[in-house]
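Encoded as structure tokens, the following chain is the form predicted alone, with no partner shown.
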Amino acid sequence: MAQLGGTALDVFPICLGGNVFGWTADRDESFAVLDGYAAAGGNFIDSADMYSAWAPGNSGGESETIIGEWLRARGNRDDVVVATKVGWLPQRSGLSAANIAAAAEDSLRRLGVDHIDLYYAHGDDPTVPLAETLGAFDALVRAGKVRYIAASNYTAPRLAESLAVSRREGFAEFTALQPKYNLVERTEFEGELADLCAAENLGVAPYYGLARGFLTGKYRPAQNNSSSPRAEGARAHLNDRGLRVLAALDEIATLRNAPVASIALSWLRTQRTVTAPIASARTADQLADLLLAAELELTAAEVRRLDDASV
């Protein structure tokens, strides 16, 4: 287990992404993945109210609903760190005080819990004053409906400004960040944003840890994976840099007798400030690669090999 930033939350080193629940994984498949994750000691589950509003026939909240049903069925609420987000569900968009309050109640109802452990602003909303947004989050914390608040998709200047506003107003502060970060998408997080997280002791739980599946090694130049819902996003990385990364991953995976995905997630775990990369699994078989990454430790030479290939 690892402590998430300055919080009292001890979390499994791989966070289970819930974006597939109710989308590419139905209820039974989702339960199988959740059961396997919990059986391996996993306790950190990430969702959002907008998962999976993009899918035909869905309206959002499907992931939270399935997670809530699983928590009730297994009676293990106290053993699980539940994270969810507000701001990107089409019918509950933005970070106004009224919207945050209403969205939180919706998420609590769908999850069937009396509090959310980690509640993210899904993305910055420059149309709303930060004091209003942070005041609304603070009210949820004071009411016991949220334990900790966090930010996702914030730039370093806006994250720093948010922390300053919370301190000035005496509001609850962001304790963690969820950025897009992986071996083929490094520039958005590394540098100013990573430096700020280190300086402020913010926990970091990167999303797209496997670059929409590209870093599983499933997508290769000669292969046709067009039927996969993630194919277009994953195949966008089939360039010179992406192929260098795959070659390095293949080399290390062969030497370690481990899946490519496990190596890619283990590299993320070695990065400063990263507490728990987020990765999703549609089936229990896919889950095995994520669980291995929680215990696989790369050598300094292996980390350098991946660093060099991914610049």
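All residue numbers are counted from 1 along the displayed sequence. None of these values were measured; they are calculated from a predicted model.
What follows is about the form predicted together with a small molecule, which we do not show.
Colleague: Which of these stretches, 141-149, 81-89, 103-111, 195-203, has heavy atoms within 4.5 Å of the small molecule in the predicted bound form?
Modeller: Result for this chain: 81-89.
Colleague: Counting only non-hydrogen atoms and a 4.5 angstroms cut-off, does N99 reach the small molecule in the predicted bound form?
Modeller: The answer is no: N99 has no heavy atom within 4.5 Å of the small molecule.
Colleague: Tell me, yes or no, whether T216 is in contact with the small molecule in the predicted bound form, where a contact means a heavy atom of each within 4.5 Å.
Modeller: T216: yes, in contact with the small molecule in the predicted bound form.
Colleague: Would L118 count as a contact of the small molecule in the predicted bound form, using a 4.5 angstroms cut-off between non-hydrogen atoms?
Modeller: Close contact is absent here: in the predicted bound form, L118 is far from the small molecule, nothing within 4.5 Å, heavy atoms only.
Colleague: Is R282 a contact residue for the small molecule in the predicted bound form, using a 4.5 Å heavy atom cut-off?
Modeller: The answer is yes: R282 has a heavy atom within 4.5 Å of the small molecule.
Colleague: Counting any non-hydrogen atom inside 4.5 Å, which residue from L34, I252, I278, I66 sits next to the small molecule in the predicted bound form?
Modeller: The option sitting close enough to the partner is I278.
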